[in-house]
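First comes one chain, alone, set out as structure tokens in the form predicted on its own.
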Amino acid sequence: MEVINNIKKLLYPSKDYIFDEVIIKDKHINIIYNEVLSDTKSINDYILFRLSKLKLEEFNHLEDNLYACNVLVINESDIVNYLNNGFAIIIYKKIYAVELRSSLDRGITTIQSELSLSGPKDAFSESFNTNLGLIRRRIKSNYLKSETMDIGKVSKTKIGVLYIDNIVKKDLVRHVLKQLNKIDIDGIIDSSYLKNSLENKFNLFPTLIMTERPDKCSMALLEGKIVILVDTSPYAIILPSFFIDFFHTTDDYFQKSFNASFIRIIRLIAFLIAIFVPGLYIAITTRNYNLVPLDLLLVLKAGRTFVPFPAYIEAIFMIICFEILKESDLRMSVVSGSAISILGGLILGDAAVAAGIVSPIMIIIIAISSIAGLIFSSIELSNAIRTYKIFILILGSIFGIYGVILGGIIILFNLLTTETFGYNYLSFDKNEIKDSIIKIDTRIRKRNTKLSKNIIRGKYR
């Protein structure tokens, strides 16, 4: 048969594509499938069994007589695409695609990177349908729409754009779909590939949120945002995302307003400490001595009496050491990682102070700054904090306190001029003031008017 020969030429020399020809009631039927992507047991137990039970007249309309969840009549040009998506192809007068995917995902597991004290514990997996189901399980509404497309000239990765039709602004949906259609790349292996294509590459602060939490995505959809699911990736993308969103966690909505507000203030203080404390210390101890009391200044200078390097060299050295320890801790196994942390934090730190290479105060300053940066789960935000920390440190060592102030102005200017899908990065609506840094419970809750025209979320109590 010509169709079979054409498909064999396209798939040669791959051996995981199976070509079978069966004869049932004098009918020659060809079955093609991928033994890795398709469930071979279902092919044997279901398709062949069902075909053997058909009457002669039923062979002419297999799409009506094969009771599978998804049976499609397709063209020859679509055969390879359906094979690579786990479908079995039946060729008899027409070409049929029967969905019999093999389960290749790890199932629904617990959250690993965005831990919470309370709330749901289920996380996304590498299966698109599973991830979509976890969201539809939470939002049981016909207004929840999912527009799918394939991106990647080679990988043909399935992408799903989710939004709630009666909440989201249509202009935002059109803008996102337009941006996705512009992407011209060989393959999308993970949602990070898509994130890099959608974000401004020259801005250090993240304008998209990547999350493995389906509850967080559901909350974002109800706010009028868009969620993008990528097949084979356990992380979804939430957009647009504003600067204030990185100071919020799902735990904030599972506890009292006072506690949530206190923790959010701590996160804001941690953000400022992570960026500015090393630069301030360098500026005070090298340039602007008059900004601290004499007794404190003597203590700070005494700690550096026997250190042979300038303060800024010492600080950069300690930052690099911490980043090396952090990276090795992430890449190693749990047991080895714990050993590396103990070795770096206790033995090497204590030995460096005893040898006079670094001062004890510098270790404290860098440790506080680095730990404050780890409070955020977003890797992109942590990387931005690290970069700006070194930037402020260099400015402080050159210009003193004026350099630190100049660096703060540059960071603020960067935040003010950053845009995320047409929205200002620092903008937040008057309705969100009561749920920004300070969380205040109100009887009537409203959405951000920039994201939705349907602003009334509901009445409580």
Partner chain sequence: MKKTIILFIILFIFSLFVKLPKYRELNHLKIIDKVIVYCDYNLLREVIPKRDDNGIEYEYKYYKEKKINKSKYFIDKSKMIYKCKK
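Predicted, not measured: the structure shown is a model, and the values here were computed from it. Positions refer to the first chain, counted from 1.
Although not depicted, the form predicted together with the partner chain is the subject of the following passage.
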Arg287, heavy atom within 4.5 angstroms of the partner chain in the model of the complex: yes
Indicate whether Ile371 is a 4.5 Å heavy atom neighbour of the partner chain in the model of the complex. no
Might Phe413 be said to contact the partner chain in the model of the complex, defining contact as any heavy atom within 4.5 Å? yes
Would Ile409 count as touching the partner chain in the model of the complex under a 4.5 Å heavy atom rule? yes
Full three-residue contact with the partner chain in the model of the complex, heavy atom 4.5 Å, for Lys8, Pro13 and Tyr82: no
Tell me which stretch of 272-280, 83-91, 150-158, 305-313 has a heavy atom within 4.5 angstroms of the partner chain in the model of the complex. 305-313
If you check Thr417, Asn44, Ser52, Asn70 against the partner chain in the model of the complex, which one has a heavy atom within 4.5 Å? Thr417
Give me the residue from Leu117, Ile324, Ile265, Val299 that has a heavy atom within 4.5 Å of the partner chain in the model of the complex. Val299
With the partner chain taken in the model of the complex, which residues across 31-53 come within 4.5 angstroms through any non-hydrogen atom? none
